[in-house]
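The chain below stands alone, shown as structure tokens; this is the form predicted alone.
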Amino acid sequence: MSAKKKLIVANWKMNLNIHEASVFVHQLAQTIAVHRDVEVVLAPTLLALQSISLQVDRRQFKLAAQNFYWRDFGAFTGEVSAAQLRGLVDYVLVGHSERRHVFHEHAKDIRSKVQAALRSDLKPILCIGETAHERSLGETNGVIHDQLLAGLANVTSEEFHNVVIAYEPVWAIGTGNNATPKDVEKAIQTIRRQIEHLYGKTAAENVRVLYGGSVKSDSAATYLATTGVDGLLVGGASLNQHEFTTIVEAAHHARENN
């Protein structure tokens, strides 16, 4: 596992218009160094994806889509498919807690999106995690089991190497109630056990598992040093040039020290 690149994903959510996004990418390009041991992925709004795809140096930044529809084409007004994103992005977010809990995406939607991403040679970042209520009932392991099983239901062993898992406890997102490294380590152990059960030991060791949930520059190094963490899914802090640059550097130093 130590040979894996650290993966740092910036989820800008519904922030920055096309011009603002372009300016911000230019600023990030000035301060974020290219490290062979760190992969940096930007997930801007859909409107900004095409222009940013022409602007970025792909050695410095990869791109991700925050959302898409699982059908490849057809009469689905207002939607964008994974097939249409091919060539623009390398990654797509699937099952983010906001998609699950704000937009009420069901397990079957998430499963279909994972399949659609793989069909179009995109790498799905499957987001899983429990709510505060589920945690209070001691259901963390059960939620992880169910969300993994549902999201990966039709993924073959040959396809699985393109999947990334992001553990993002809903109770820690934007609440200031941060998960402890011990919380994260235990959850990721559960994730890898489940992957081993589904795909075998090698797949469980090699799959990249990210942590997401109120990650900031002052906590990034601690999470990156946590056993089993291969990178971070960063929300609000990714909209701050200094914060995000510091997080990327923390990932580089974490790999140096492994």
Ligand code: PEP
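Residue positions are given as counts along the sequence shown, with the first one as 1. As the structure is a computational prediction, the values presented were derived from the model and not from experiment.
Note that the form predicted in complex with the ligand isn't included here; everything after this is about it.
Residues placing heavy atoms within 4.5 Å of the ligand in the predicted bound form fall in a single listed stretch, namely 205-213, out of 205-213, 64-72, 189-197, 48-56.
Among Leu152, Ile173, Ala116, Val143, the residue placing a heavy atom within 4.5 Å of the ligand in the predicted bound form is Ile173.
When contacts are judged by a 4.5 Å heavy atom cut-off, Glu168 counts as touching the ligand in the predicted bound form.
At a distance threshold of 4.5 angstroms between non-hydrogen atoms, Ala250 is out of contact with the ligand in the predicted bound form. Though the partner is left out of this view, Leu233 does reach within 4.5 Å of the ligand in the predicted bound form, counting heavy atoms only.
Residues from 9-44 that approach the ligand in the predicted bound form with a non-hydrogen atom closer than or equal to 4.5 Å are Asn11, Lys13, in the order they occur in the chain.
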